[in-house]
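As a starting point, one isolated chain is supplied in C-alpha coordinates, in the form predicted alone.
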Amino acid sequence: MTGVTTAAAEPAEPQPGAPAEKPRRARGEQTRQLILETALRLFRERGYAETTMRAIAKEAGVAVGNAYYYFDSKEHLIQGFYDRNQTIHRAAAEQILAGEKDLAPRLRGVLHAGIDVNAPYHSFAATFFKTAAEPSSPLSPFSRESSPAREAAIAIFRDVVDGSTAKLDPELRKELPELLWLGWMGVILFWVYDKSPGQRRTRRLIDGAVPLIDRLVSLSRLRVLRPALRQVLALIETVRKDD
(Lines give C-alpha, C1' and ligand atoms only; values in the text may rest on other atoms or scores of the structure.)
Protein backbone atom coordinates (compact mmCIF):
# COMPACT_ATOMS: atom_id res chain seq x y z
CA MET A 1 0.00 0.00 0.00
CA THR A 2 1.54 3.26 -1.07
CA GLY A 3 -1.26 5.74 -0.37
CA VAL A 4 -0.09 8.22 -3.07
CA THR A 5 -0.81 8.05 -6.80
CA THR A 6 2.03 9.08 -9.10
CA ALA A 7 1.12 11.83 -11.56
CA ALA A 8 1.16 10.94 -15.25
CA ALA A 9 3.97 13.40 -15.96
CA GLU A 10 6.28 11.81 -13.43
CA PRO A 11 8.89 9.18 -14.37
CA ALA A 12 8.06 5.52 -14.28
CA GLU A 13 6.81 4.11 -10.99
CA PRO A 14 9.72 3.03 -8.76
CA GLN A 15 10.06 -0.64 -8.22
CA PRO A 16 8.96 -2.03 -4.82
CA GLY A 17 11.79 -1.66 -2.37
CA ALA A 18 13.33 1.30 -4.21
CA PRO A 19 14.46 4.29 -2.07
CA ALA A 20 11.36 6.35 -2.99
CA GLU A 21 9.04 3.62 -1.75
CA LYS A 22 9.76 3.99 1.97
CA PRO A 23 8.80 7.71 2.25
CA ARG A 24 5.61 7.01 0.33
CA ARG A 25 4.74 4.14 2.64
CA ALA A 26 5.45 6.35 5.63
CA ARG A 27 3.18 9.09 4.29
CA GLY A 28 0.48 6.54 3.62
CA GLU A 29 0.69 5.22 7.17
CA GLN A 30 0.56 8.77 8.55
CA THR A 31 -2.60 9.45 6.54
CA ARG A 32 -4.14 6.20 7.71
CA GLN A 33 -3.42 7.03 11.36
CA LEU A 34 -4.76 10.56 10.90
CA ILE A 35 -8.05 9.21 9.57
CA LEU A 36 -8.29 6.67 12.39
CA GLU A 37 -7.54 9.18 15.15
CA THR A 38 -10.00 11.66 13.66
CA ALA A 39 -12.69 9.00 13.52
CA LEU A 40 -12.15 8.02 17.15
CA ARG A 41 -12.36 11.65 18.24
CA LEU A 42 -15.62 12.13 16.36
CA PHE A 43 -17.01 8.89 17.76
CA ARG A 44 -16.34 10.26 21.25
CA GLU A 45 -17.79 13.68 20.48
CA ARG A 46 -20.79 12.77 18.30
CA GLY A 47 -21.36 9.08 18.85
CA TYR A 48 -20.69 6.15 16.53
CA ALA A 49 -24.05 6.13 14.72
CA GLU A 50 -24.02 9.88 14.07
CA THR A 51 -20.50 10.00 12.60
CA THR A 52 -20.25 9.54 8.83
CA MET A 53 -17.25 8.75 6.65
CA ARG A 54 -17.77 12.11 4.93
CA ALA A 55 -17.54 13.92 8.27
CA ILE A 56 -14.41 11.97 9.18
CA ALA A 57 -12.75 12.86 5.86
CA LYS A 58 -13.66 16.53 6.25
CA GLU A 59 -12.27 16.74 9.79
CA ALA A 60 -9.10 14.90 8.74
CA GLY A 61 -8.60 17.21 5.77
CA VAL A 62 -8.60 14.44 3.19
CA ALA A 63 -10.84 13.60 0.25
CA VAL A 64 -13.72 11.20 0.93
CA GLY A 65 -12.25 8.84 -1.65
CA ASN A 66 -8.95 8.88 0.22
CA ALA A 67 -10.71 7.94 3.45
CA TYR A 68 -12.37 5.02 1.70
CA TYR A 69 -9.01 4.02 0.21
CA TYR A 70 -7.69 3.25 3.68
CA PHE A 71 -10.95 2.12 5.33
CA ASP A 72 -13.81 0.61 3.33
CA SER A 73 -16.38 1.62 5.95
CA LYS A 74 -16.89 2.73 9.55
CA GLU A 75 -16.77 -0.94 10.51
CA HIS A 76 -13.24 -1.16 9.10
CA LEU A 77 -12.32 1.91 11.16
CA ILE A 78 -13.42 0.08 14.28
CA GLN A 79 -11.30 -2.91 13.27
CA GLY A 80 -8.39 -0.47 13.02
CA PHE A 81 -9.30 0.73 16.50
CA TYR A 82 -9.29 -2.86 17.78
CA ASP A 83 -5.88 -3.50 16.25
CA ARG A 84 -4.40 -0.27 17.62
CA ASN A 85 -5.76 -0.96 21.10
CA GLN A 86 -4.22 -4.42 21.10
CA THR A 87 -0.85 -2.94 20.18
CA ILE A 88 -1.06 -0.43 23.04
CA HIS A 89 -2.31 -3.09 25.45
CA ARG A 90 0.54 -5.38 24.43
CA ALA A 91 3.12 -2.67 25.17
CA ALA A 92 1.60 -1.99 28.59
CA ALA A 93 1.36 -5.72 29.33
CA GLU A 94 5.02 -6.32 28.51
CA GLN A 95 6.09 -3.79 31.14
CA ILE A 96 3.92 -5.50 33.75
CA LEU A 97 4.88 -9.05 32.84
CA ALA A 98 8.59 -8.22 32.90
CA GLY A 99 8.39 -7.47 36.62
CA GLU A 100 5.97 -10.14 37.85
CA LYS A 101 6.20 -13.92 37.96
CA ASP A 102 3.18 -14.98 40.04
CA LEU A 103 0.00 -15.54 38.05
CA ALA A 104 -2.29 -13.30 40.13
CA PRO A 105 -0.32 -10.02 39.87
CA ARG A 106 0.41 -10.70 36.19
CA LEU A 107 -3.26 -11.16 35.43
CA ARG A 108 -4.39 -8.26 37.63
CA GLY A 109 -1.90 -5.90 36.03
CA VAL A 110 -2.83 -6.87 32.49
CA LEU A 111 -6.56 -6.48 33.18
CA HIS A 112 -6.10 -3.04 34.74
CA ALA A 113 -3.87 -2.04 31.82
CA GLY A 114 -6.65 -3.04 29.43
CA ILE A 115 -9.10 -0.77 31.24
CA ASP A 116 -6.55 2.07 31.09
CA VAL A 117 -6.21 1.62 27.32
CA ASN A 118 -9.98 1.72 26.79
CA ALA A 119 -10.74 4.48 29.30
CA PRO A 120 -10.71 7.41 26.80
CA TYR A 121 -13.50 5.72 24.82
CA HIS A 122 -15.91 4.98 27.65
CA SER A 123 -18.19 7.89 26.75
CA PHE A 124 -19.28 6.31 23.45
CA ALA A 125 -18.79 2.66 24.44
CA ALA A 126 -22.42 1.98 25.34
CA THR A 127 -23.88 3.26 22.06
CA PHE A 128 -21.16 1.53 20.07
CA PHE A 129 -21.72 -1.73 21.97
CA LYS A 130 -25.30 -1.90 20.71
CA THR A 131 -23.85 -2.46 17.25
CA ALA A 132 -20.99 -4.71 18.32
CA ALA A 133 -23.33 -6.91 20.39
CA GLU A 134 -25.31 -7.94 17.32
CA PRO A 135 -24.13 -11.51 16.59
CA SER A 136 -23.98 -10.93 12.83
CA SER A 137 -22.08 -7.63 13.15
CA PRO A 138 -18.50 -7.58 11.84
CA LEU A 139 -17.74 -5.44 14.91
CA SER A 140 -18.50 -8.32 17.26
CA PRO A 141 -15.34 -9.46 19.07
CA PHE A 142 -16.32 -13.00 18.02
CA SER A 143 -16.67 -12.21 14.30
CA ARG A 144 -14.38 -13.40 11.53
CA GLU A 145 -13.42 -9.79 10.82
CA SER A 146 -12.28 -9.33 14.42
CA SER A 147 -10.13 -12.46 14.45
CA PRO A 148 -6.73 -10.65 14.18
CA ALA A 149 -7.49 -8.47 17.21
CA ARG A 150 -9.02 -11.42 19.06
CA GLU A 151 -5.95 -13.60 18.48
CA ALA A 152 -3.68 -10.73 19.57
CA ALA A 153 -5.68 -10.38 22.79
CA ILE A 154 -5.58 -14.11 23.51
CA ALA A 155 -1.81 -14.01 22.90
CA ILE A 156 -1.45 -11.46 25.71
CA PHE A 157 -3.21 -13.81 28.12
CA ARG A 158 -1.08 -16.69 26.84
CA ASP A 159 1.97 -14.69 27.90
CA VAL A 160 0.34 -14.08 31.29
CA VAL A 161 0.04 -17.85 31.79
CA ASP A 162 3.21 -19.14 30.12
CA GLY A 163 5.53 -16.67 31.83
CA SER A 164 4.13 -17.29 35.30
CA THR A 165 5.33 -19.70 37.95
CA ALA A 166 1.88 -21.33 38.11
CA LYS A 167 1.92 -25.10 37.83
CA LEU A 168 -0.99 -26.13 35.64
CA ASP A 169 -2.55 -29.24 34.25
CA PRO A 170 -1.23 -29.40 30.64
CA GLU A 171 -4.71 -29.42 29.12
CA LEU A 172 -5.80 -26.48 31.25
CA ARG A 173 -2.65 -24.57 30.31
CA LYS A 174 -3.60 -24.94 26.67
CA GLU A 175 -7.14 -23.64 27.16
CA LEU A 176 -6.62 -21.09 29.93
CA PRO A 177 -5.55 -18.11 27.74
CA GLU A 178 -8.78 -18.24 25.75
CA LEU A 179 -10.81 -18.72 28.94
CA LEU A 180 -9.13 -15.66 30.43
CA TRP A 181 -9.94 -13.70 27.27
CA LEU A 182 -13.59 -14.72 27.57
CA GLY A 183 -13.51 -13.50 31.15
CA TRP A 184 -11.97 -10.25 29.91
CA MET A 185 -14.92 -9.84 27.52
CA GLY A 186 -17.19 -10.11 30.56
CA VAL A 187 -15.18 -7.43 32.34
CA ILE A 188 -15.44 -5.17 29.28
CA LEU A 189 -19.22 -5.63 29.20
CA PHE A 190 -19.40 -4.67 32.88
CA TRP A 191 -17.13 -1.67 32.19
CA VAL A 192 -19.28 -0.46 29.28
CA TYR A 193 -22.24 0.04 31.62
CA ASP A 194 -20.26 1.06 34.70
CA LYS A 195 -21.28 4.63 35.56
CA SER A 196 -19.23 4.88 38.76
CA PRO A 197 -16.57 7.64 38.84
CA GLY A 198 -13.56 6.43 36.89
CA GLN A 199 -15.35 3.05 36.58
CA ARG A 200 -14.19 2.17 40.09
CA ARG A 201 -16.63 -0.73 40.28
CA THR A 202 -14.88 -2.37 37.33
CA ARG A 203 -11.55 -1.98 39.12
CA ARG A 204 -13.02 -3.62 42.21
CA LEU A 205 -14.42 -6.44 40.07
CA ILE A 206 -10.94 -7.14 38.70
CA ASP A 207 -9.33 -7.02 42.15
CA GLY A 208 -11.95 -9.39 43.54
CA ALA A 209 -12.03 -11.83 40.64
CA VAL A 210 -8.29 -12.35 40.15
CA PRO A 211 -7.66 -14.08 43.52
CA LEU A 212 -10.61 -16.40 42.81
CA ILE A 213 -9.21 -17.29 39.38
CA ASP A 214 -5.78 -17.86 40.89
CA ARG A 215 -7.30 -20.13 43.55
CA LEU A 216 -9.28 -22.14 41.01
CA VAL A 217 -6.19 -22.58 38.86
CA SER A 218 -4.26 -23.86 41.88
CA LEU A 219 -7.04 -26.27 42.84
CA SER A 220 -7.09 -27.68 39.31
CA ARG A 221 -3.87 -29.53 40.12
CA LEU A 222 -5.60 -31.66 42.74
CA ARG A 223 -6.02 -35.22 41.57
CA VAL A 224 -9.56 -35.44 42.92
CA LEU A 225 -10.66 -32.54 40.69
CA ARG A 226 -9.08 -33.77 37.47
CA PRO A 227 -12.15 -35.74 36.26
CA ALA A 228 -14.31 -32.64 36.67
CA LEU A 229 -11.67 -30.54 34.91
CA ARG A 230 -11.62 -32.96 31.99
CA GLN A 231 -15.41 -32.72 31.73
CA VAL A 232 -15.28 -28.93 31.68
CA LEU A 233 -12.59 -28.87 29.00
CA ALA A 234 -14.51 -31.43 26.93
CA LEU A 235 -17.63 -29.27 27.18
CA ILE A 236 -15.68 -26.23 26.01
CA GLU A 237 -14.36 -28.17 23.03
CA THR A 238 -17.89 -29.37 22.16
CA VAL A 239 -19.30 -25.85 22.27
CA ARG A 240 -16.41 -24.52 20.17
CA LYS A 241 -17.02 -26.94 17.29
CA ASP A 242 -19.08 -25.83 14.31
CA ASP A 243 -22.10 -27.94 13.40
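Just so we're on the same page, rigid core means the largest C-alpha set that superposes within 1.5 Å between forms. Only a predicted model underlies this, so the values are computations on that prediction, with no experimental measurement involved. All residue numbers refer to positions in the sequence shown, first residue = 1.
Below: the form predicted in complex with the DNA, not depicted.
Q: Do residue 31 and the DNA share at least one heavy atom pair within 4.5 Å in the predicted bound form?
A: Residue-level check for residue 31: yes, a contact with the DNA.
Q: Report whether the minimum heavy atom distance between residue 218 and the DNA in the predicted bound form is within 4.5 Å.
A: Heavy-atom contact with the DNA at 4.5 Å: absent for residue 218.
Q: If we define contact as a non-hydrogen atom of the residue within 4.5 angstroms of the partner, is residue 205 a contact of the DNA in the predicted bound form?
A: Output for residue 205 is no: heavy atoms all beyond 4.5 Å of the DNA.
Q: Contact between residue 195 and the DNA in the predicted bound form at 4.5 Å, heavy atoms?
A: No.
Q: Pick the stretch from 68-76, 162-170, 138-146, 120-128 whose residues have a heavy atom within 4.5 Å of the DNA in the predicted bound form.
A: Looking at the other structure, the answer is 68-76.
Q: Does the DNA, in the predicted bound form, lie within 4.5 angstroms of each residue among 27, 51 and 62, using heavy atoms as the measure?
A: Contact check passed for all of 27, 51 and 62.
Q: Would residue 190 count as moving between the shown form and the other one, using a Cα shift of 2 angstroms or more after superposing the core as the test?
A: Comparing forms between the shown form and the other one, the residue 190 CA shifts below 2 Å.
Q: Residue 102: CA shift of at least 2 Å between the shown form and the other one after core fit?
A: Where the cores coincide, residue 102 shows only a C-alpha shift between the shown form and the other one that is less than 2 Å.
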